[in-house]
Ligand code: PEP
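So this first bit is one chain, no partners, the form predicted on its own, shown in structure tokens.
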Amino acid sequence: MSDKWFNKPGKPLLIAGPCSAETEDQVLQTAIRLKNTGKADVFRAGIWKPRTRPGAFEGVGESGIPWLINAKKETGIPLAVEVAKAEHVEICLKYGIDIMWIGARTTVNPFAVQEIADALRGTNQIVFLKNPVNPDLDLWLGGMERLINAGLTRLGAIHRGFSFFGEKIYRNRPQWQIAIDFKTQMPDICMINDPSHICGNRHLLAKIAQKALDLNFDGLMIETHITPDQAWSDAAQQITPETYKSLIENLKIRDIEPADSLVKSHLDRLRREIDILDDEIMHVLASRMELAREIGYYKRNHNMTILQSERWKEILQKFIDRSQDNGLSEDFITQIIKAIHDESIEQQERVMSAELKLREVRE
């Protein structure tokens, strides 16, 4: 398989196929219908499915790989399969699977990722690493470093969202900033978005896919099935190849930088204004923390607790009430004010700690 798919300016890498390979006919028909869309660069299908509880469908195993090989022969579309241990890697290498990806449940275990990395050592295999189930950037970066240390160079990351207790909208909360931080620290790694596992449903797929492209992600992985409602796993988030085609055709591919010099000049001016405002924000935050420290001294001298719950509730509610009038979401302003409050408490705790250390020295 050529490396050209890794760097196609203006054309995202598109990976599509069923959550699970169920039957030979289901695999073949899905691949053929995807081929007819002209919108699939890679055909994906799970044959080993790590499930939360025993008794759920855990994939057909190695017996499903010949189905995938046959689908590739019929369509010419390269194949991608999830691997969770060295044995899976060895089987995929034997059959010449084009791309392997390491799932979120496996990424959480450094020993498992290392086992896979060791099994791939010395190969030129294309490997993608999904983010771990929980929002742990270091664990995600660490998994990628294990693959790099094994000598692998054709690597990608898959952002599929993070488990979040109490989440009401998504199956896995996107938490885009974690994926952005990953891209910032490893800019040469291809970053794919997986709207299917973020959404857990069909109606949000287009919204998440578009946002990923707007954030300059390198591609998408979307689950497709010939009869989604009858799928043996993750039925609610899968779509037909024809619906997939419509979704992809309606996405907007945006330029990283404008070609028109006048447009670029205007953009540069706006960015300079943002830089000025950012400097002001930093100055205001520094001033606010200086006041927080003064309050810390006052509380220390008057034997008061750092956290004043009622005062904190008033501050938070004040900002929430004003957020909508200023075009800001409640979730955004809540996160910002909580972060400022946490830092204020930290500043005051340092003031208190300094007094305790002074007492210890005197004693």
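Sequential numbering from 1, following the sequence displayed. No experiment lies behind these values; they were computed from the predicted model shown.
Missing here is the form predicted in complex with the named molecule; even so, the following discussion is about that form.
Considering the named molecule in the model of the complex, which of Phe217, Phe162, Tyr244, Trp101 comes within 4.5 Å of it through any heavy atom?
Result of the distance check: Trp101.
Could you work out which of Arg105, Arg154, Arg146, Arg202 is the residue within 4.5 angstroms of the named molecule in the model of the complex, going by heavy atoms?
Residue within 4.5 Å of the partner: Arg105.
Going by a heavy atom distance of 4.5 Å, is Lys49 a contact of the named molecule in the model of the complex?
The answer is yes: Lys49 has a heavy atom within 4.5 Å of the named molecule.
Indicate whether the named molecule has at least one heavy atom within 4.5 Å of a heavy atom of Cys19 in the model of the complex.
Contact with the named molecule, yes.
Classify His88 as contacting or not contacting the named molecule in the model of the complex by the rule of any non-hydrogen atom within 4.5 angstroms, answering yes or no.
No - in the model of the complex, heavy atoms of His88 and the named molecule never come within 4.5 Å of each other.
Only one of 61-69, 334-342, 41-49, 312-320 gets a heavy atom within 4.5 Å of the named molecule in the model of the complex; which is it?
Only one stretch passes the 4.5 Å heavy-atom test: 41-49.
Taking the named molecule in the model of the complex, which residues of 123-153 have any heavy atom within 4.5 Å of it?
Sequence-ordered list has one entry, Lys130.
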